[in-house]
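Considered here are two forms of the same protein chain, supplied as structure tokens in two stand-alone entries, structure 1 and structure 2.
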Structure 1
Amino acid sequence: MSSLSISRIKTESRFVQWVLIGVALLYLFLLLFLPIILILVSALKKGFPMYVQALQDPETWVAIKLSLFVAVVAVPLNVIFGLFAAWAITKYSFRGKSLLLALIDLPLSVSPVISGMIFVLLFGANGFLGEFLAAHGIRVIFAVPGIILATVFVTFPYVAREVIPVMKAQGKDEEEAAMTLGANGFQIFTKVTLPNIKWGLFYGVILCNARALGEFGAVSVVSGHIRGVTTTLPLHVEILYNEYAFAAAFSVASLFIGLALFTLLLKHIVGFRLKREGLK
């Protein structure tokens, strides 16, 4: 048998290969790459100076700061939760564990609009706690706390989902060994568990962070679009676009392209490390 016919057993003819590759690439190009190219081209349409100017706009800066602030609050909250949840789920056996796992994933299957509106129902002027909050002069909805809450809800599962499988793969032996050597709970966690799960944790943080910075639907519901006060960066993009300031809108959008590419790169590197350690 010639080497050609041997290779035929496991693969298709060159022609079929190139047709399939062509179809796949065309599909990806039209749907995935063209929008990215469009954003970058539109952002730079009026030249680089205009691009820089659009990014230096004070309202853009306020939006960037707000988005970063929201992420800086929301991500650590979900990191703490993710670590506690992973510890409880992977180190002990208890009833209802699979229900707990399903509930942790729940926000992923809730529409962003609903994720926002539940907080309006809870804290809004006509909401469950509306009167109480109004009486004490606390604003949650159409204010920064609401944005943070909606973001926390939407990004809730990301850290836990990444840490749980990694912690599970590590087993309990090392923690038990540390215990017999006299380490207390805090020492076990910081000196043994945390170094072992650091890549999984980092992976979760990256995903959580990207989602926190980019969340649109849920935040849109609770923000009230008060310019310069409750407009996060994605909302700012929306406002610019709706005001036909397309170049500016795409300039800001290009920041998200950068963030997304950076996130995917880190994700890829970390995924590679996890694979090498045999944990994924």
Structure 2
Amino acid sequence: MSSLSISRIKTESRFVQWVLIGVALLYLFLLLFLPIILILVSALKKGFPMYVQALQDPETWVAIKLSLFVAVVAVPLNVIFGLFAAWAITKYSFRGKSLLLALIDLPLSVSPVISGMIFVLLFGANGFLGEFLAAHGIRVIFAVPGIILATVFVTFPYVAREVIPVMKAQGKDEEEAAMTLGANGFQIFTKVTLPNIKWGLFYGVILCNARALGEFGAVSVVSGHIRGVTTTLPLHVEILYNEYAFAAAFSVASLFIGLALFTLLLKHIVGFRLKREGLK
């Protein structure tokens, strides 16, 4: 049988192709584009001045500042952990490597609400460390430190999961060559390893930052919903919606649409660079 005949057998008919494309587009429209359109329409339902007023509300700005602060703290911590974990997994052989990989993926398989409950059981007033923290005047739960801890926990896999495959693809040859030339560990990492993994690292940072800003479940449990104190942007949207301030809730939610589109654009650009370099 000729190659032309084989290609004709493997190629679906035009009708089947259009049906599959149509189903995919309909699915995306119902689950992605339609909710976005409804959020924007609801946000502007009472006019643009009301939209601007909702975004200028002092409590909204407190929520924005807290969300940004948590992300600024959580993302660098996860970058450090991700680089350390990726270096250990890809450069060394040791017992328990598969266990370490499984533990890195643990937050992705545990409900965020359960993650928040874990921190309440550890650091809450009646928790395992509650009496010790209270005796020293340290407040974790229903305070900003608890929000940071919960956010770090649910986001720490993202950087490691992106950097590990890139480091594996790069191999050890360049590092070993630099070592034979007399470079120390810090020089090898900054001059050889880091330039090779920069796009994978940036890709992981984008995903980690997006999840940190949008995290709801774990933060909802540990924050206590103290208005103007421990309410991040997602929690502020929930409070406005529960108070029937629908226009304001959707106006604030529209900020996440802008963040999502910006994140998607960066993700596409970095993903293209990774594919161009043959690392993804």
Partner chain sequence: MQNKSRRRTILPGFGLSLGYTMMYLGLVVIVPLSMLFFKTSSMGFSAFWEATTAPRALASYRLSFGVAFLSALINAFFGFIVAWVLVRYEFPFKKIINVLIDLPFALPTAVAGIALATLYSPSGWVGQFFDKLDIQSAYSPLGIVIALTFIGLPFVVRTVQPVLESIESEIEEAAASLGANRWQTFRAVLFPVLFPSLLTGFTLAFSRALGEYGSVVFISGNMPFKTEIPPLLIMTKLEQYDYSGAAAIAIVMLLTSLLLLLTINLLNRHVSRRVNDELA
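Rigid core (definition): largest C-alpha set, two forms, superposition within 1.5 Å. Residue numbering: sequential along structure 1, first residue numbered 1. Model, not experiment: these values are computed from the prediction.
Review point. Does structure 1 or structure 2 depict the form predicted in complex with its partner chain?
Key: Structure 1, which is the form predicted in complex with its partner chain, differs in this respect from structure 2.
Exercise for review: Kindly check if the Cα atom of residue 259 is displaced 2 angstroms or more between structures 1 and 2 relative to the superposed rigid core.
Suggested key: Superposed on the core, residue 259 moves its C-alpha less than 2 Å between structures 1 and 2.
Review point. What's the distance in angstrom the Cα of residue 21 travels between structures 1 and 2, core superposed?
Key: Its C-alpha position differs by 3.0 Å.
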